[in-house]
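First, one chain by itself: the form predicted alone, in C-alpha cells.
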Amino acid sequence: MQYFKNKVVWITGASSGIGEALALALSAEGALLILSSRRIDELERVKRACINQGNIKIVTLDLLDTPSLLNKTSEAITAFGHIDIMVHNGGISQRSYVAETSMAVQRKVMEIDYFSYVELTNHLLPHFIQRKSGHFVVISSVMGKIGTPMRSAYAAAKHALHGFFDCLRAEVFDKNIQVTIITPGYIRTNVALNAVKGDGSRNAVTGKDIENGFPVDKAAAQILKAIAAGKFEAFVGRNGKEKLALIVNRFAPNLLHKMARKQIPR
C-alpha cells in the first residue's frame, strides 16, 4: 500500500516479535524506519533482514532508563529530520498470581509497559504539534480490555494505556495528530517465554495458546491496515476466543468473569 511510502516510522521493541514483523512489512512498503530496543545485535539482524537497508536507522533504547528517553527521542527525530508515525511496541508480560507477585515486579511491568510510553509520547508530542501532523500507534493487548488470572501487572499496564491514549486522542484531534490502539490476541511470539514471574525470574514457558497463535507476519499486515485506515482501535488476530471475550465483556461482563476465572494460563 502506498500509504507508508517515504513515511518515517519509529518502532520500539523492534528486535523481535510484532516489532520485528512490522519492520519487515514497513520496509517492504518503502517506509523510512527507526528501529529501537536494548539489543543492538538483534536490531542489526532485523535491519539485515529488511529491504532498503539504507532507509533504516538504529537507535538503541532501554525503556527502563527514564533519564535517557528525552535524548533518545531527539536522536530519533534527527535520524531523518522528522517522524511521521511512532509505534509504541516495546514491553514485557507477566505470569503469576497477585498473591505471589512482588511489588518490584508490579512496578517494573508498569514502568516498561505504561510509563515509558507516556514518557516517550510527552517528548515526541511537541514535534508532532509543531509539524501539525503525527500518528501514535500503541500496541496494547486484549488484556487491556479484560482480566484473567496470572496477568495482574500486565493487564493493569495495558488498561492504563487505553485510558491515557484515549484522553490524548481527544486532546489533539484538532492538531492533525492521530492515535491508534492495537489490541492483539494470541500472536505467535516469545512474549510468554520472556514474561516475568512473581519473583522477577523469566517465565521460560510459551504455552499452547501462543504456540498455536496467529502468525506474526499476518498480525503485522492487519496492523498496517488499521494504521492506514486511521482506526481508533483495532483487534488483531484470529476471530476466535480472544475476540469473543471482547464481545462478551462488552455485553455480558458477569459471564466473562465466570469464563475468566476458569482459565489458569501457563
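Note that residue numbering follows the sequence shown and begins at 1. Since we're looking at a predicted model, the values are computed, not measured.
Quick note: we don't show the form predicted together with a small molecule, though the next part is all about it.
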> Only one of 75 to 83, 89 to 97, 168 to 176, 126 to 134 gets a heavy atom within 4.5 Å of the small molecule in the predicted bound form; which is it?
Replying inline: 89 to 97
> So in the predicted bound form, does Thr148 come within 4.5 Å of the small molecule, heavy atom to heavy atom?
Replying inline: no
>> With the partner left out here, check for me: in the predicted bound form, does some heavy atom of Ile210 sit within 4.5 Å of the small molecule?
In response: yes
>> Check Ala31 for me: does it contact the small molecule in the predicted bound form (non-hydrogen atoms, 4.5 angstroms)?
In response: no
>> Taking the small molecule as it sits in the predicted bound form, is Ile112 near enough to touch it, meaning that at least one heavy atom pair lies within 4.5 angstroms?
In response: yes
